[in-house]
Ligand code: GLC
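In structure tokens, one chain follows: the form predicted alone.
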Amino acid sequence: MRLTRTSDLWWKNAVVYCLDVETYQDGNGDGIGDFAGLTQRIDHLVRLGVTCVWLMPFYPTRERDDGYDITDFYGVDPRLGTLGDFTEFVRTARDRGIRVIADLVVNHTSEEHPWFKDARSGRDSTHRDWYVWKDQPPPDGPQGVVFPDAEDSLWEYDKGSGQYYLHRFYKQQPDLNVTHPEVRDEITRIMGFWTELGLSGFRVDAVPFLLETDGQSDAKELPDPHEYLADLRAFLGRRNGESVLLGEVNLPYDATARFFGDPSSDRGDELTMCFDFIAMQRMYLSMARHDARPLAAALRERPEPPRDAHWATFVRNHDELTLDKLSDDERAEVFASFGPDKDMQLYDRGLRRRLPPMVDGDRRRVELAYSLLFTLPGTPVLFYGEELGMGENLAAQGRQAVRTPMQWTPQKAAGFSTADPATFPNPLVDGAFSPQKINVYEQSRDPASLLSRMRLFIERYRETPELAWGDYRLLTTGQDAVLAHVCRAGDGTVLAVHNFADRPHTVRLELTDAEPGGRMTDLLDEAHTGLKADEDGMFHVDLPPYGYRWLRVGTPADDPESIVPR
């Protein structure tokens, strides 16, 4: 049995920060972000409190899918720098106490990848079986297509070889045949290569598609895909015991939980973490309704992960804000509240917007969402610019609306580059959320800014082990608009209370481990005198509209080892 050191579980209370190198900071003045520029900005991440950077694809690409159409899994796109620049960034980040993970995109390649060029050169070519081919495709039509605005089938005819190849994404991204032993060996080599260069793991792109075998005629004869995922986890553990696999698994809870590992075991042996897409979508439904019950229901339904696994929580990711797990009526409610214009929606399942414009810049509602991010059980994941309250630019195509250049200063080019903004990968945000209004320089100097509040959230989250390591329980509040939960670890208990309504609420809460006369202290407001239990051991918590409180009951354990599971 593999023994897990507590140092290997760094991800249990990590703060993960996702960024795209090409839109973060330009270091050489050509208008495109690069690793040299990212390294120059590392201290911003240190001051924010980030402990792990997740890099979106930085590999050589034809730029048909924002870097996800990869032509070489062992290199750095020349626009972004060199392997030396990459390793310098990883080394600098590690010196600052920040680990680095990167996207692992191995469910498909670019059609310009040498493997596919060889595969389509003839049916007897070396790499032919590295992809999935059929003489005649199934009559599936557009069913299962990831990008229905651009593709109407999973299969594309290749004139050169006279067969159809499988592509669940764009036709320029042929799917790899992950059941082929040589493909599996190549994937482990890719992981081993980047681990040797300093990565602490990978965010695994589109995991269900990676393991899908339905497009293959001998699917029933193929090895169990979950065994393969366990093999990848074991390989990574042998290379570096602290490494993680963070999985993009947007499925119902019971299906997602299977990707942690064998449900009959209490130890996770597949993905280290899975994104909690269900709770994220229900949070937006709760915000639209001013009603905490949809989110509370999701938290009650959510399975407990194994000991060596964790949920990852987020307010939005780098794609469209997917709402596909809501019902049609529920999704229509969220659209009506936060994205009523058709141009704000994408694929009829999500929004290509960031949160602040969705709530018309209401700072209270923005803070409410991020207070939830850092108090709900799971590892918090931020998308770059969220710490500032950046907006989107709907003039950009599709998902690019939320992948605009980072806003460092109020200058015309936002401090992102010295080049003409017309040369930037995506256009800058304009209007109320432009760099002139939203930027790091000014918010860093304003103790009342959103950036200052986010720094406080992260600092208190890192100081409060109960939030990361503890068991949690929802409390009865008597108010539909109010969500309250406690997290317990060792001798410590923390209470978090959130009001989704646009009017104040007072809730009366009972904590079974609070004695009459006990006290609670406010973790976010040092000036607050705290709360005292009444003679029945009940606490009365006052909340303003969209208000929230982080309250400690008693004192934390003196011995940190008593908080961390062994």
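Start at 1 with the first residue shown and count on from there. No experiment lies behind these values; they were computed from the predicted model shown.
There is another form of this protein, the form predicted together with alpha-D-glucopyranose, and it is not shown here; the text below is about that form.
Segments offered: 370-378, 491-499, 103-111, 192-200. Contacting alpha-D-glucopyranose in the predicted complex at heavy atom distances within 4.5 Å is 103-111. Think of it this way: in the predicted complex, alpha-D-glucopyranose has a heavy atom of just one of Arg316, Arg282, Arg331, Arg403 within 4.5 Å, and the residue is Arg403. For the options Ser417, Thr477, Ser243, Gln173, the residue carrying a heavy atom within 4.5 angstroms of alpha-D-glucopyranose in the predicted complex is Gln173. alpha-D-glucopyranose is not shown here, and in the predicted complex it never comes within 4.5 Å of any heavy atom of Phe86.
The shortest heavy atom separation between Arg399 and alpha-D-glucopyranose in the predicted complex is within 4.5 Å. Interface membership of Asp65, defined by any non-hydrogen atom within 4.5 Å of alpha-D-glucopyranose in the predicted complex, is confirmed. In the predicted complex, no heavy atom of Trp130 sits within 4.5 Å of alpha-D-glucopyranose. In the predicted complex, Phe169 is the single residue of 155-169 with at least one heavy atom within 4.5 Å of alpha-D-glucopyranose.
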